[in-house]
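Just the one chain here, laid out as structure tokens, in the form predicted alone.
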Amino acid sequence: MKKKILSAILATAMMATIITGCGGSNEQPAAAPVAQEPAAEAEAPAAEEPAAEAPAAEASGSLADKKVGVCIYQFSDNFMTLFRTELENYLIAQGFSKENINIVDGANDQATQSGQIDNFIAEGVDVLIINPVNSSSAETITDKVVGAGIPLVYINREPVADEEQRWADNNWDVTYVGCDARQSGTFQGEMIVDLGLDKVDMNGNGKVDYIMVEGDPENVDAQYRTEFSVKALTDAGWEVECLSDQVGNWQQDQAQAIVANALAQYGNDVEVVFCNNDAMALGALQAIQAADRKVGEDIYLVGVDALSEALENVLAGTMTGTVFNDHFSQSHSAADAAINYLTGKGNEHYIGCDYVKVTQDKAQEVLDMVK
């Protein structure tokens, strides 16, 4: 049974689409658990509300001497910078000593991260929180950490369903905390659908002609955002035409080059640019502006993460929208899961949270939270 932690800024529930559909993905994503009650966009209350009920306060005194090892796939990732900063601050607020929290950069290299995990095991950390470089390495990582008798919390990059089932079958102290990427892709597509086909189909061919800029192809989030953003269009009965689908590896400069090339090749036929994250959307915006195109007038652009710069562009109308990847809820829930293991309470093997659709009318509220 999966445990669902609602995002701190969500108030109502929605029905998420989970039927597999045609998108721009280069490969069919592996099956992954879906949060039981995906929530729809909602008004954003104050950010200080915790994403989940925090462990009992009396446990704090026993946490000061506990050692926490945190592996981040890449420090240069803008979203993971927000995540790890909030994670460390929240762990300290819950009673951990700053000197006992060690957060390391995997530099987007699985071999480097594997060595860091080996070092943490040798040091005798009490709990590990891991954002894997490659989700496909989860089985090896799990076996290593569980074999050392250390509780494990995966974050952000979800292992496949079969791996999560292993945790349940063996009753291991392993869980995953994160949002369902299918929801974020669906929200991207819905923002385009909400504009209306007459407005989006600017070349009048009866189709939505789009380009897709994908993140890391090993990452299930990239796979699902790619697939489900387009699926939202086809579910609305729209015909689509993929003009270009390229991998930008979450990087702004790579996305800028990809979109610049696509615009040079397809010109005004490009009506929508989907980007798997905001860093790439910002790169796409640079290419769009260099091509003398105007978002909201002759092209549409959506991303994911709700980075401050992206939100400012949504407010200015130079991005159509983004999706808030709630690092507050996710980091707090990951820390709470670690505490539950350390205090003997245990966890479900899947702890979900929700994304939030952000268009111009909601961008200021989210920007006030993340700044």
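All values derive from a computational prediction rather than experimental measurement. Residue indices: 1-based, along the sequence shown.
Below, we refer to the form predicted together with a small molecule, which is not included among the displayed structures.
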Given that the partner is absent here, does residue 156 sit within 4.5 Å of the small molecule in the predicted complex, heavy atoms only? yes
Classify residue 250 as contacting or not contacting the small molecule in the predicted complex by the rule of any non-hydrogen atom within 4.5 angstroms, answering yes or no. yes
Classify residue 180 as contacting or not contacting the small molecule in the predicted complex by the rule of any non-hydrogen atom within 4.5 angstroms, answering yes or no. no
In the predicted complex, is there a heavy atom of the small molecule that lies within 4.5 Å of any heavy atom of residue 116, even though the partner is absent here? no
The unique member of 73, 224, 167, 210 whose heavy atoms fall within 4.5 Å of the small molecule in the predicted complex: 73
Within 4.5 Å of the small molecule in the predicted complex, heavy atoms considered, which of 219, 142, 256, 175? 219
Where does the small molecule sit in the predicted complex: which of 260-268, 92-100, 156-164, 293-301, heavy atoms within 4.5 Å? 156-164
